[in-house]
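Below sits a lone chain in structure tokens, taken as the form predicted on its own.
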């Protein structure tokens, strides 16, 4: 069995960037990705636009050409998948890593399709795979969606959107404009300040004019087949008729996988332990890159500010 210098778990933008760094430094590597190339981006809403401009999404200095000020999902897929083709990156797709263990100064990696050996491992798995559940009765009903792709299935339906982040606001506006009756249930007192600046006035105006109903300082407490039950800002229990619930409550890294790999998790936010100067975890030779570094604080790392992780990691590996 071949022993790779590096195995990269996750084929998102940062995982690809790590592979490009390994390739430049003539180290043997393999990316193992459980879905398609940049799988999380593939599962984003179809018409999603990035907050970042194109140049901030570039990896390895490869130009990202976009005709729009803010590139969209399809342009990003073309860009990152095009890099994987053009640079002939060594990547196994639709293969999930199940276990990482360190023995005799080498890592043994078990997947759904085989076993691999490596001197170093980089975990760059992002955070989009596990929904942040509300843990309320009825959340397992088929009408509840934790992922939103497009508005057309919700035309002329009574929709509850939970949350006030970018994903919640996009879902609310798009479904409203395709004829849905939209109600937002929001824990906080206002729309999130992190919502894209060109979208925030739109949602606030739709709420102000009554086109979209918003219950602030409120909490969904139960979901039934034909209605939902929530607690409003005054502590009163209310019911409204409902066909679908779009629970845009965020997503989490796979903490069980990190723990089982031996990585220490700290505090309420389960921040993984790593050295910010090397990106190496408490396990020698096991590194983190990208959004996964933030634990539950998934807002800390993005493509634009974690691209540097690949250079930091490769510099440390080469120094050993």
Ligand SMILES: Cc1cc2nc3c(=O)[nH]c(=O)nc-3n(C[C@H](O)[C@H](O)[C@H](O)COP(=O)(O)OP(=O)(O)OC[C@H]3O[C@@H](n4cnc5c(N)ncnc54)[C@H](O)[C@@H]3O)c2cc1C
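Residue numbers count along the first chain shown, from 1. Quantities reported herein were computed from a predicted structural model and do not represent experimental measurements.
Quick note: we don't show the form predicted together with the ligand, though the next part is all about it.
Can you pick the one in 121, 180, 245, 97 that has a heavy atom within 4.5 Å of the ligand in the predicted bound form?
Residue within 4.5 Å of the partner: 97.
Among 58-66, 289-297, 266-274, 22-30, which stretch sits within 4.5 Å of the ligand in the predicted bound form, heavy atoms only?
Only one stretch passes the 4.5 Å heavy-atom test: 289-297.
Taking the ligand as it sits in the predicted bound form, is residue 51 near enough to touch it, meaning that at least one heavy atom pair lies within 4.5 angstroms?
Yes, residue 51 is a contact residue.
Can you tell me whether residue 174 touches the ligand? I mean in the predicted bound form, with a 4.5 angstroms heavy atom cut-off.
No, residue 174 stays farther than 4.5 Å from the ligand in the predicted bound form.
Is there a non-hydrogen atom of residue 255 within 4.5 angstroms of a non-hydrogen atom of the ligand in the predicted bound form?
So residue 255 does not count as contacting the ligand.
Check whether residue 312 has any heavy atom within 4.5 Å of a heavy atom of the ligand in the predicted bound form, and answer yes or no.
Taking the distances in the predicted bound form, the answer for residue 312 is no, it never comes within 4.5 Å of the ligand.
Any chance all of 47, 145 and 154 sit within 4.5 Å of the ligand in the predicted bound form, going by non-hydrogen atoms?
Answer is no for this spot.
Output the sequence-ordered list of residues from 119-153 with at least one heavy atom within 4.5 Å of the ligand in the predicted bound form.
In sequence order, 124, 125, 126, 127, 128, 129 come within 4.5 Å of the partner.
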